[in-house]
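Take a look at this single chain in structure tokens; it is the form predicted on its own.
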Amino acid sequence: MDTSQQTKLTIYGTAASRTFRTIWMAKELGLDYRHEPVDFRTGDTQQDWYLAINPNGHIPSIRDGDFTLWESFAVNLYLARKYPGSVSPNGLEEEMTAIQWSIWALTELNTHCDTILLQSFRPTGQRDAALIAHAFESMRKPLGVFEHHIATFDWILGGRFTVADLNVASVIRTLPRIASELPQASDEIAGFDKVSGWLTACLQRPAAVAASDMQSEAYAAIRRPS
């Protein structure tokens, strides 16, 4: 039996991008959605029809009925409230805590993870070692804060996986993903045992695996000769 929630939801953005976060969230909620794999690499995001949805020309964005929204974490928090499920916060305090940790991930970790990811794409001899080292060093304190929190509560809201865990994990997952290119990335996350175990549990969830498979297929299509 199909247990997915029927919606008029469209997710815009290739899975080979931060749209992964919203696809993961939709799958956690069991939403029936339409996917439009808009890609900035092909200029899709600068077309007039898409700029009418997101004037910034970034992905992801969603259209839910007549409502449009962009910024991946805002989208995920919206979906958690609009379509309540097991990953949705219960009540105002949990919702505000989920927002708090989502903003924390963006302000304390996201830029540094992006720096490391972009450097990993460069040929070995063209990487900026000082920039990579600075990014890792800048994350030590916030990761220590998170290590203490997870050691105390297991999950961000305590007791169960929620949108808060999903949002934060979607940022930190960059580190083990690039371990083959930058071995120190794996060493850094492994240095925080509780965070490492928590991240593994997040990424082993069926919805995360399904979204990750979509992302891998999208990346493979980009690399595949036309």
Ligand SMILES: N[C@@H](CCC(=O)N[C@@H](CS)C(=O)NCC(=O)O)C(=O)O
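Just so it is clear, the model here is predicted, and its values are computed rather than measured. The first residue of the sequence shown is number 1, and the count goes up from there.
Missing here is the form predicted together with the ligand; even so, the following discussion is about that form.
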query: Using 4.5 Å between non-hydrogen atoms, is Lys27 touching the ligand in the model of the complex?
result: no
message: My question is simply whether Glu71 lines the interface with the ligand in the model of the complex - judged by any non-hydrogen atom within 4.5 Å.
response: yes
- prompt: According to a 4.5 angstroms non-hydrogen atom cut-off, is Lys194 in contact with the ligand in the model of the complex?
  reply: no
query: How about Ile59: is it within 4.5 Å of the ligand in the model of the complex, going by heavy atoms?
result: yes
- request: Kindly indicate whether Arg18, Arg21 and Phe40 are, all three, within 4.5 angstroms of the ligand in the model of the complex, using heavy atoms.
  value: yes
- prompt: For the chain seen here without its partner, which of 121-129, 134-142, 85-93, 71-79 has a heavy atom within 4.5 Å of the ligand in the model of the complex?
  reply: 71-79
